Each structure stands twice: as structure tokens, then as C-alpha cells.
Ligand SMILES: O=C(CO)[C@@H](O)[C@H](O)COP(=O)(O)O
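Single chain ahead, written as C-alpha cells, the form predicted on its own.
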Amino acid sequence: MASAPRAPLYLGLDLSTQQLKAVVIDGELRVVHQSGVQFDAELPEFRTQGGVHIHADRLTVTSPVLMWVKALDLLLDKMKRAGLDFSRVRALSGSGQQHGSVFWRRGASETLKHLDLDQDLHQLLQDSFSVSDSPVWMDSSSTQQCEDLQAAAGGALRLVEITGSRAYERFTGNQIAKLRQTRAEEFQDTERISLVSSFAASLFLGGYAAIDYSDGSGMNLLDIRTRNWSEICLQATAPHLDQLLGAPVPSTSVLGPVSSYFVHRYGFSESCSVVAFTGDNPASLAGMRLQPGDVAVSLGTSDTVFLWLQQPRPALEGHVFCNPVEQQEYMALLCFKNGSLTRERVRNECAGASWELFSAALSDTPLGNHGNIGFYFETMEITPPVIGVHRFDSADCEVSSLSPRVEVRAVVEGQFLSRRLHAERLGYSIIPGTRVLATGGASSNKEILQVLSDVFNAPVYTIDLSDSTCLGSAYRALHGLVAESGASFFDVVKKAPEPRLVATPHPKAKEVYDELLKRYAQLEERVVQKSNRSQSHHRNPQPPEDGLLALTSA
């Protein structure tokens, strides 16, 4: 059914690692337009691979800022040629790959205010950045700055209590500290520092956009409880940093009307509102329409767990961010590297490489697997940082093997016990109405989802995750217009398609897995201690943990 000719539209953008995408929805939440620009293919002059430049040290990873600007020129031209009526767009919002930073040169704010309508943005802004290649989330070159920040904050756990995460190399604060120490001249020439998200919003505003609370929580600089910059972290990072960052704002804020450049060049309405942009992971939470008590589990190459939290608990693993759709609440993100490839290896070895036989083994073995528990960390895990396969019998004795059917259940139960244990350590708890939303490749296997439902003692629903980031940005644009009047995000998105119920927990699930979870936690501790004793104590740069980036930035 076509939208009414003048019905309002809402634009959502996502500036991810490899592409810039746009989704346009109408007031009924129907997608009416989609466009995208692939950086490597459509902007070959920037010579990126996967949207980035990996430097000779293999630790430094950057992206050219002007590539992102030129991608916006291309995207809007594509949308215009496709016949999109920009005058109907009432509000726009967007997301950016988390943790990346953009350094604006002195005088750039004046340039942004007075854009020449006859020129493309990338021509107008070619001299506006003091750093031409921006550090992005794949960068792991700031180990020294991480150690310095944790020392200044009073240790890793104290930093977690303040900022929601221990110090990570890719987090923006540590990248800023590194730039100040190694490229002092460029730093001196900087008048404003944006995140990738607030940089993209600045282009539309024609002035510097504020950083929102949710994406701001991925910097190791924001106090996630007061929602202000942390003085301790600012001082440890750079002098006068609060002036370079500007004051953070709620993620639902309307920042102002779209710049006259877009009104005259593309036909946007003068009254089109720019709603604060946020990070791609928070935008995904909005796109998945996670609710209080919900947990989203993405079952892919990495397994990622997204949580809606009322109150976070400080933990050295995972990340806690301010919630992008509910100002007083939180979201958390955990990533586990040993996901689908581990399940496939066990399928190949124990179920004749057949998913049917794998599923039959899950159906034929009892909840709790006769007390057998397995840990399958074939590559170095993120949470916990351990490598190796460990199997335990019902008496907690380590054994070298299990029967094939028991092994199949052990890998699936072990993975989901791990997801639940670490989610609970971040403050997650199962409440009445809790749902588990499953997505990713393995979410099509109903026996795997049944184990997920049993371990979490909650119903499991599947959701279609195509473009959840862009869609979340469009939903947030719509919500931003009514948020000040007190309308909740869920009021605004209630017409969106409902997730599909696929599994409900077995009546005995709670009894079995509450007990098994305690044993799993104790055995995990044993595995970690054994691993620590056998490994030398040197610290490697952490692998990227933003698991959903595998989905949303692909």
C-alpha cells in the first residue's frame, strides 16, 4: 500500500566500517526507501580495504574522513535520482561505528556554517580536519594510554565503575591521549573532537553536534551514572578536553533543524529536525526494539549478547552503555568469539557433519546432560580470556572425552550457560516478561533455540535483523520528535512487526539450570586459573569485542 503523497517520512543513516546506508520509513513504520554506498567499490580513490587502512605496525587502523564526507554526497545524490522527496522528511537521525573519532581543524565551525550551495561537501570540507585519517574501532595501538588511564582512575575496576568499561585500546579517550602525545601539532590545531556519529550529525546541522550519552559511553570518558564527562578521565587524557568535546546530551535530543545547505541543495524542509546520532550498537538495540528485562543473543561467527539493564554492576568484562531509548536506564554488550565455528566443529566430529543428527542429539539427551559440562574455547576467548577445551563429568572431574551425543549437548549448554553467567555478572536478571530475542545463523535451528530457552528459563523469539542499525536510527528520528512530550520509544514503534515465538522453557528448566549455573561458574574459575598458570603473564592487545559490528558494520 503506497504512502499518502504528503505523508511524513523519517530518515535513518548508518555510517559503518564498510559502507554508508540509509533507510526511510513512513509514519506506519514501513520501509519506503533504501540506499547505500560501499566505500571500497564506489570510492576507490581512497584505497581502503574493508573501509579502512591497516598500517605497517598491524595495530594502527584508520579511515579517511573525507571518504565518509564524499560517501554522503554520493548517497544523497543517489536518493535524489531515485525520486525520494526530501521535503517530506520530518526528522533524521543516524549511527556511526563506535569509538572512532574525528578531529576538526580550527576554523571548521565557520566553514560548516557557510557552505557554498554549488559545491559538494567533500570539496567544501577538504581543509577542515586536523587529522585526515581517523582512528577507528579496529585500532589497538594505544596500550600504553590504557595503562595510564587505569592507573589515574585507581585501577581497572574503578574505571569500570565510572565509565562502564575497563580501558580498551579502541576506546576514544585512549586514542585522543595517544594523538596528543605523538602528534602534538595536529592536536594543537584541533578545535573540536567528534565521534563518528556526532561528526555525521554535524554535517547535517551545519555546526558541531553534541555527543549523545549512549555513544559517549564507549569512550572511557563519560561517567555513566552522572551522564557527565568524568573529571578524572578528562585530566588523564588531555588538557581542556571538555571544551574540545562539548557537553554530552540525552540520546533522544533534537539538536536543531537541518542546515540550509541541505534545504537548498536537496529540497529538505526547513523544519526537518536532526535528532542526536548514536553508536551502531545502541542503534541496533533500538532497531531490535529490546525492552526492559530482554536479552538479545546473536548466534554468528561470534556470539553477541545485548542486554537491557536497569542498574549495571561493575565487571571487568563486557561494556555497559547508557540506554539510547530510555534516558535513566542502561544497555550492556558482551561478545564471545567461540560461536558458530565451534558448534560446526562438534557437529562435524560428533554428528557426521549433519545438522539433523546434531539436532536429534540435542532432543535425545536430557536437560542438564547428566551433569556433564564442557568449555569449548578453540580460539582465545574474550569472556573469559582463555583458550582450550575442557570437559567435566558430574563429579567435577576433568575427562578427556564424552560420548558423541553428550558432547553435542555439552557444547550448546556450555555456550548458553556462559552467556547467562556473564550477563548476570553485568546486572542482568530474568524478570516476569523477559524475552530472549535470537538472531544470526543458528537462530534457524529450533533444537538449539530450545536449549537457549531452557538455560535462560525464558521464551525465545526470533527477529529478522536485516539493517537493524539503520532501522533503529529511523525509529529514533521519529521518537526524537515526541520524546520531549513524554512519549515512550515503545509507544512510537508499537506498529513494527512482532518477533515470532519459537521456544518456551521446559517446566523443569529453572530447577536444572539454576543449579548447573553455580557449578559452571565454579568450573569456569578453575579453567581460568589453570590457564593463567600455564600462560606467561604478558598482556596482548584485546581483539575487537563489538560483536554486533560483525553484523551491523559488514
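Remember, predicted model here, so these are calculated numbers, not experimental data. For clarity, a rigid core is taken as the largest C-alpha set superposing within 1.5 Å between two forms. Note that residue numbering follows the sequence shown and begins at 1.
Although not depicted, the form predicted in complex with the named molecule is the subject of the following passage.
Placing the named molecule onto this chain after superposition of the site C-alphas, with its pose taken in the predicted bound form, gives at least three ligand atoms within 2.4 angstroms of backbone or C-beta atoms; the site is classed as blocked. Stretch 327-335 is the answer when you ask which of 327-335, 430-438, 118-126, 80-88 has residues with heavy atoms within 4.5 Å of the named molecule in the predicted bound form. The shortest heavy atom separation between residue 476 and the named molecule in the predicted bound form exceeds 4.5 Å. Proximity of residue 301 to the named molecule in the predicted bound form: non-hydrogen atoms within 4.5 Å are present. In the predicted bound form, residue 170 approaches the named molecule with a heavy atom inside 4.5 Å. The named molecule is not shown here, but in the predicted bound form it comes within 4.5 Å of a heavy atom of residue 280.
Checked against the named molecule in the predicted bound form, the candidates 251, 142, 97, 220 yield a single residue with a heavy atom inside 4.5 Å, and that residue is 97.
The single residue of 133-150 lying near the named molecule in the predicted bound form is 137, the criterion being any heavy atom within 4.5 Å.
In this overlay on the rigid core, residue 339 has a C-alpha that sits 2 Å or more away from its partner position between this form and the one not shown. Once you line up the core between this form and the one not shown, the Cα of residue 206 stays within less than 2 Å of where it was.
Annotation for residue 302: C-alpha shift of 2 angstroms or more between this form and the one not shown, rigid core superposed.
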